[in-house]
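The form predicted alone is given below as one chain in structure tokens.
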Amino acid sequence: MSIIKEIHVPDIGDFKGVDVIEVLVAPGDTVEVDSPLIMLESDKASMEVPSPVHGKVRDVKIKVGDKISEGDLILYLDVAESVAAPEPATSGGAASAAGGAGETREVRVPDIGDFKGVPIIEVMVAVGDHVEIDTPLVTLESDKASMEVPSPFAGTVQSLEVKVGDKVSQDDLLLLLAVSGSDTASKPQLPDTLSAVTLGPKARKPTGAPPAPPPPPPAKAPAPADSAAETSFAKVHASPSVRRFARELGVDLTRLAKGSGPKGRILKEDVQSFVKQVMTGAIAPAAAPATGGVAGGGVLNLLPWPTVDFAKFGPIEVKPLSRIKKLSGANLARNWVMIPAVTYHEDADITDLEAFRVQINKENEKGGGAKLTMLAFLIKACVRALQRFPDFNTSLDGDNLIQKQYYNIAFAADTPNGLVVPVVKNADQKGIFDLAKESGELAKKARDGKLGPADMQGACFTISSLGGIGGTYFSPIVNAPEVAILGVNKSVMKPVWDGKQFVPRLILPLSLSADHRVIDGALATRFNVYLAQLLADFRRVLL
């Protein structure tokens, strides 16, 4: 004898309105315990919902495109009356997010695709550190991508089993976590990896079988998407990391007919191949959307990238790009193409400011005090200019302008591996000496390769200074999602007419690049002029 059992969405953490991107069964199918029923996809992870019992599918109540939450009905299953729900089972390091108090868990390398022997380039935790779910543990770098491995659950690092330079593959042991009952009860494992995450038995909530078959409720209609792009992306079979990678490159995943992964899943390599075909002219680029990004209407019609056998002209040496250049290259290309930036030049007379800086440093040298840098004065002056012209302290978000009430100033730091951009947080709340000390410490961390993700996030405005090298003017690339960046070159003595005669003055060249969608030429010029006035007479900062 059989009964009708309702199968509902299990506990999926704090996620609500999650897209159904694939229905894996149909009426009449026989499913085993843990057979995948549907595939869900949030903005952080893809996940399969497995069957909690053996049975035969009677009626499926959802379809691709529906948005569902915990407790929503998925389907009706004919199950034998003697069939009981399986007991929860612990499957080790990364399989489940539930467990008992005081338990030690193994954390292993998750599914990273076909990569094997991937070098560890950074270990981001130490023994004794407490980590939350999704806290980055290590960074891996293959010849194709860099990827962080997040923690599948919360706990305290008990031991590290790897170090920088080790090569690891899927399922290799990374570390041991001491997990308490409160840690494991927080939410199921939902790492943002390159593959789907299967919700194991422990992620489910048991549901009771009804005494008689209930009348089938109406199917849930798919919720309207916020935009056409989101609607189309919801139907694409790809992991969150691949979707993010595609968005960074401006690739419409709906234009990729089918991926090379399991069940047609689109992989990162598929996106890269598509971009190459667009660049070579094999595929025509799509018109860009009119909101938020490039104003649409046309295509670039780029010529194919030249293919040259350089070795036939003479000896060559092939050198791989540094990690920093590989990671920053895509962002720089996107920003240069998508932001209609205009660069405005201005000269600042810093004769008196430099004399004051030198004087203070001499005084402090006797007492062993900290040294002032010109960068510290620039940061302070830029904060004051942002307060005077608040449009510079914004970011575009579609048709909205996000006005920030905080002042975080980034600066480009030169390192042996390339430029990195650390951020001085809450610069408006710090004095000149504090700014000089903090920017110096951040620059040293950058040179030593010890900057963490938090050190390079949250910037409102960036200063790119070439003062220690030279040059006159340049056009810095705006760093999205900021709307402006200040380029600074080496100061030089120039003859300046004072109304009676030419006198030597120390001139600092300024180059301000601004997003013309937010900042027009008049406003940018006013900002530049005001900044030059502040540097010429720093007492104005107090006004």
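In case it trips you up, residue 1 is the first one in the sequence shown, and so on. All of these numbers come straight from a predicted model, not from anything done at the bench.
The next section is about a form of this same protein that is not shown, the form predicted together with a small molecule.
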Worksheet entry | Listed residue that, although the small molecule is not shown, lies within 4.5 Å of it in the predicted bound form (heavy atoms), from 458, 71, 416, 468 | 468
Practice prompt. Identify which of 51, 489, 513, 479 has a heavy atom within 4.5 Å of the small molecule in the predicted bound form; exactly one of them does.
Written response: 489
Practice prompt. Could you confirm whether residue 357 comes within 4.5 Å of the small molecule in the predicted bound form, counting heavy atoms only?
Written response: yes
Discussion item. Within 4.5 Å, heavy atoms only: does residue 108 come near the small molecule in the predicted bound form?
Written reply: no
Item to complete: Considering only heavy atoms, tell me if residue 412 and the small molecule come within 4.5 Å of each other in the predicted bound form.
Response: yes
Worksheet item: Closest heavy atom of residue 47 to the small molecule in the predicted bound form, within 4.5 Å or not?
Response: no
Worksheet item: in the predicted bound form, which of the stretches 148-156, 339-347, 439-447, 120-128 has residues with heavy atoms within 4.5 Å of the small molecule?
Response: 439-447
